[in-house]
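A lone chain, given as structure tokens: the form predicted on its own.
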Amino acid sequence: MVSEQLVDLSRLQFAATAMYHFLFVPLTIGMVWMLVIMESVYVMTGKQVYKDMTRFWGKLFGINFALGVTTGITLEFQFGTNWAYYSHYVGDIFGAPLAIEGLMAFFLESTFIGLFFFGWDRLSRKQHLLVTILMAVGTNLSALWILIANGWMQSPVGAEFSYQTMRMEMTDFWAIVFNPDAQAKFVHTVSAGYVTGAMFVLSISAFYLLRGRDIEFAKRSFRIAAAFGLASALSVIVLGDESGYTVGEAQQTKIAAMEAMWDTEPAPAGLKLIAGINESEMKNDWEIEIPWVLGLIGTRSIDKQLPGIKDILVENRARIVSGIAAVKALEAVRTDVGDDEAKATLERHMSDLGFGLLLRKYVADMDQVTPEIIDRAARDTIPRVAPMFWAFRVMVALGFWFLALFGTALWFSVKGDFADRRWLLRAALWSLPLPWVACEVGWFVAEYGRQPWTIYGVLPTHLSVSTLSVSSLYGSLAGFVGFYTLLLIVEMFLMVKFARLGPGSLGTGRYTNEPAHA
């Protein structure tokens, strides 16, 4: 059995590197399409200011992209160093989208980024616009394949366990690609990136307007960001609803934890706005609820029930008992491949094999399992409710704030007097960090809510780790956090430096000390 400290440190290290990496990814995904919009307007109108906008915001995009690549490479290496058994167990499936991402999306993205920066004087307007579009496509393809891999971890389709190889093996590549969970996760995640990119441009443009500098440049940037941001915020909310439906279909434990739903409620279940969560007694001391909403989101019906945590525990306990039979049968087959009775037993209980493996956290021999151990393993299948509940509400509240802010910004942009609304400009400026908060808590809900599984219902987290020393993990964790913090400081320094310089950093002479005018 693997020590709990080793598992916790391995999880903490991966979480730290992933969360740092995800500080850069949303901005990359969102900014690139804004560059496409700005350059498209330049090609259509021939106005120099739109070319300058593309080059200036592209410079900030490039800084962020470089840091994102640096932090992202480490994550893939960790599958081999920290999660060796995971890589062995599911590498046949998980490795495919990661390999495609590297060969197709990443190289496409990187190639056209080079052409974007160095092709302004070598390519025609239309050719350079095509480069920018392909750069955006590559960026989104990169996200697609990563999220297909992650979606399979959340909802493992198109694969089955082989007792001959003791691994999961792919049976249907296209089922993995078109996995509803993966597709919903992709569109929701990239929409969140679009909101991040729009807020970045909106906030910095508001900063220029508040300072009364680079007025025409800032006005045009603000308008584009407001329109793109409103569309993106609407997409996040609509696609978040779709993501909630797929979670309700594939991970009912997660949605019950997100909603602090301890008991199965009559359909359609209500959505809790806030609640006083009492995890020790498995109840809410108080709650404010909107009737029907959760049932409609989670089931798309008014008569289908969503199970509560207590009923899920009962079901999972039964699956653990069934999983014991699967584990014992698997051990018998490994001892004697000709044992047809054991094969038949394994086949009957195969769907619960992962639940039986949860017991390996406590015992090595299934004959040593007691009802108390089964109860502990069943309780492990429910993530802590309070962090899930409140993190989800922070994400949702921020989503509606973005909708209100971008909607207001676009309204006054259409009226033409947004530059005089200093309260709006201040709201935009102070909202700059909020999309990152929303992205991080959203990622937390998705990943923490999957626990105790690396592959939901298939492979427990405590079985996935490599055999490492605790001291080496402490050292590498400290190294990663220190190095990534340094990279984050470098990123923020460069971003603040060039944002403060503004379009004058292009050296065109058109923006330095530009007088303020309407």
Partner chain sequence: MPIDYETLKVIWWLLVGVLLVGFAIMDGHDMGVGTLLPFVGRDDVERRVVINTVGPHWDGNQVWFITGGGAIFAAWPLVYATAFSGFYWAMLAVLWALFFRPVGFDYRSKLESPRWRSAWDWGLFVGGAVPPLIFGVAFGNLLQGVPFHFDNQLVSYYEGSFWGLLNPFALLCGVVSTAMITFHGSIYLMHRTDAAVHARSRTAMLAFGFLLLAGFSAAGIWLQTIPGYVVSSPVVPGALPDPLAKTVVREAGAWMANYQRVPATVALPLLAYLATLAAMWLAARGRTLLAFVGSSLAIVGVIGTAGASMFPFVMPSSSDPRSSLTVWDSVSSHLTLTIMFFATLIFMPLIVAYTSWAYKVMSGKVTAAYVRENSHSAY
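Owing to the predicted nature of the structure, the values given are computational and were not obtained by experimental measurement. Positions refer to the first chain, counted from 1.
Omitted from view is the form predicted together with its partner chain, to which the following refers.
K.L.:
Only one of Tyr456, Phe480, Tyr42, Trp33 comes within 4.5 Å of its partner chain in the predicted complex by heavy atoms, so just point that one out.
P.N.:
After the contact test, the surviving option is Phe480.
K.L.:
Among Ala99, Ile288, Ala344, Ile302, which has any heavy atom within 4.5 Å of its partner chain in the predicted complex?
P.N.:
By the 4.5 Å heavy-atom cutoff, the listed residue in contact is Ala99.
K.L.:
Would Leu12, Thr196 and Phe200 all count as contacting its partner chain in the predicted complex, using a 4.5 Å heavy atom cut-off?
P.N.:
No, because Leu12, Thr196 and Phe200 lack any heavy atom that approaches its partner chain to within 4.5 Å in the predicted complex.
K.L.:
Is Gln48 one of the residues lying within 4.5 Å of its partner chain in the predicted complex, judged by heavy atom distances?
P.N.:
Outside the cut-off, so no.
K.L.:
Although the partner isn't part of this model, could you tell me whether Val385 comes within 4.5 Å of its partner chain in the predicted complex, counting any heavy atom of the residue?
P.N.:
No - in the predicted complex, heavy atoms of Val385 and its partner chain never come within 4.5 Å of each other.
K.L.:
Taking heavy atoms only, is Phe94 within 4.5 angstroms of its partner chain in the predicted complex?
P.N.:
Answer yes; at least one heavy atom of Phe94 falls within 4.5 Å of its partner chain in the predicted complex.
K.L.:
According to a 4.5 angstroms non-hydrogen atom cut-off, is Phe79 in contact with its partner chain in the predicted complex?
P.N.:
Taking the distances in the predicted complex, the answer for Phe79 is yes, it comes within 4.5 Å of its partner chain.
K.L.:
Choose one stretch from 330-338, 204-212, 292-300, 183-191: the one whose residues place a heavy atom within 4.5 angstroms of its partner chain in the predicted complex.
P.N.:
Result of the contact check: 330-338.
K.L.:
Even though the chain is shown alone, can you say which residues of 455-487 have a heavy atom within 4.5 Å of its partner chain in the predicted complex?
P.N.:
Ser466, Thr467, Leu468, Ser472, Leu473, Gly475, Ser476, Gly479, Phe480, Phe483, Tyr484, Leu487, in sequence order.
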